[in-house]
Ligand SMILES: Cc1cc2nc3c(=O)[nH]c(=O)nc-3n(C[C@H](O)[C@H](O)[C@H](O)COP(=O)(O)OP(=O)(O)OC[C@H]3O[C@@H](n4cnc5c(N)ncnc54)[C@H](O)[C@@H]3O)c2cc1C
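One chain is shown next in structure tokens, namely the form predicted alone.
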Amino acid sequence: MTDVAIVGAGPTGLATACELALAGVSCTIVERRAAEPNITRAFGLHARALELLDARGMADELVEQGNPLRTVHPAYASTVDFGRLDTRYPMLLVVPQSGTEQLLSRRANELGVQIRRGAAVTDLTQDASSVRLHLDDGTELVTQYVVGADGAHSTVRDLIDVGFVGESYDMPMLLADVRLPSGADSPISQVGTEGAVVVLPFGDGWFRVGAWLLRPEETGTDFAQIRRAFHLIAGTDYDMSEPRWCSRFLAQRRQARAYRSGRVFLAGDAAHVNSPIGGQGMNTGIQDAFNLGWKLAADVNGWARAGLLDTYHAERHPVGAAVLAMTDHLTRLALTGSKLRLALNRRIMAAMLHTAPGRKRVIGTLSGLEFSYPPDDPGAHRLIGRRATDRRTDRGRLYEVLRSGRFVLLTDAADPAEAWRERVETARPQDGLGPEAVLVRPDGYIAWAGSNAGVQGALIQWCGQATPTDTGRRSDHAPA
């Protein structure tokens, strides 16, 4: 019997498995695809997803593989300047989804995660103590918990019957990865009364091109339709050639009513799908994985406080709803079908981006840096629930200390977390800023902040009762 079964070996499923395995939890991924893909599909990582990957030692490798864009020119605005973000990763990193999956898959293998490829889930039953997954080869997988990370057409979501509320857009999206002549190395966006097109460079000679036509054609191959759409909207197809991947789909705006049903959880596209404008899908899924992973591990390892698993839905469902609302708004801004409304929309967006509050709202939401988890106590310290910014400590950067997958206690006091040493790292901040003590969750959000006198109570609340021997089941596979 495995502790947790994860359905789906995309970025969300792999990231969840890595979080669990890092905490010493046995997990098995069930993936219907028989082989690892070489497609790109999702194409970009925003700052918050990169920060979370940095907290496990994986972000810089992806940055080296991809094409970091500090400034982009999307269909809904003249310029979006990610370079002004206060983060180690002030960028939109254009990197194929397959590259992200390969990195996460390699880490999962290093951590001992089992991946059963070519296996599809056909049924699911659960009781008070376990879940049974029935597979199409006639076998069963018995586990304590299941995470459905099996995409927009999730079988797990259908089996737990939590609904998938929303709508589909009427206009199909056309995507392809193509070659463009040398010298075309900048992102391109064009909008008009017929729709919108975009070109994003991967940095290795390949480009992601996309077309969204308000009045789509139904004849010809997908690649031929993309080329015609570019001629219609941009006046040229930029001599694109050698399509290695094409896709035609109806974008959706949908969200599961609940991210949890008993011992079954939903994450990534199984929980929410949105318009591709804004590049949020993979990013939101990775953030789901980091939020859920440490909480499931705490429960399996026996130290989670009552109700901790319920906070996954409570924290992530509002974020998913906010992302859906944002991407829907940006989509409608870009695809008005009216020159006058399009010009007005772009002027309004430009005016917002010229103010600090406007930039914080738009770019902070796109990057994921501004999302927070409001505390239950309205009188709690203002930092609680917010993203922990990277800072210098006596043990390196905070996000380097987080690479063990444990909580991190930032304090100048003599190690008050000694009795929780299997669950909590202690580091001394070097910048002298903030309250006397800050407890950072494994997913890089602030669990508690206050005076050193309150540390013991915070550790008990968030990390459970400790004993002098504290025999947690944490794995020794923490990345360097």
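Numbers follow the displayed sequence, beginning with 1. Note that the coordinates shown come from a computational prediction; the quantities given were computed from them, not determined experimentally.
Not on display, but discussed next: the form predicted together with the named molecule.
Check: Which of 298-306, 268-276, 226-234, 347-355 has heavy atoms within 4.5 Å of the named molecule in the predicted complex?
Finding: Result for this chain: 268-276.
Checklist line | Partner-contacting position among S98, T389, S130, T155 - heavy atom within 4.5 Å of the named molecule in the predicted complex | finding: By the 4.5 Å criterion, the partner-contacting residue is T155.
Margin query: Just to be sure I understand the contacts: of I160, L398, L324, L175, which is the one whose heavy atoms reach within 4.5 angstroms of the named molecule in the predicted complex?
Written below: It is L175.
Next item on the list: With heavy atoms only and a cut-off of 4.5 Å, decide whether S247 touches the named molecule in the predicted complex.
Entry: Yes, S247 sits close enough to the named molecule in the predicted complex that at least one of its heavy atoms falls within 4.5 Å.
Next item on the list: Find out whether any non-hydrogen atom of R208 is located within 4.5 angstroms of the named molecule in the predicted complex, and reply yes or no.
Entry: Yes, R208 sits close enough to the named molecule in the predicted complex that at least one of its heavy atoms falls within 4.5 Å.
Notebook entry, point to check: Would V7 show up as a contact with the named molecule in the predicted complex if we use heavy atoms at 4.5 Å?
Noted result: The answer is yes: V7 has a heavy atom within 4.5 Å of the named molecule.
Check: Does R70 reach the named molecule in the predicted complex, with heavy atoms at most 4.5 Å apart?
Finding: No, R70 stays farther than 4.5 Å from the named molecule in the predicted complex.
Next item on the list: Could you list the residues in 110-126 that come within 4.5 Å of the named molecule in the predicted complex, counting only heavy atoms and keeping sequence order?
Entry: Read in sequence order, the residues that approach the named molecule (within 4.5 Å, in the predicted complex) are A119, A120, V121.
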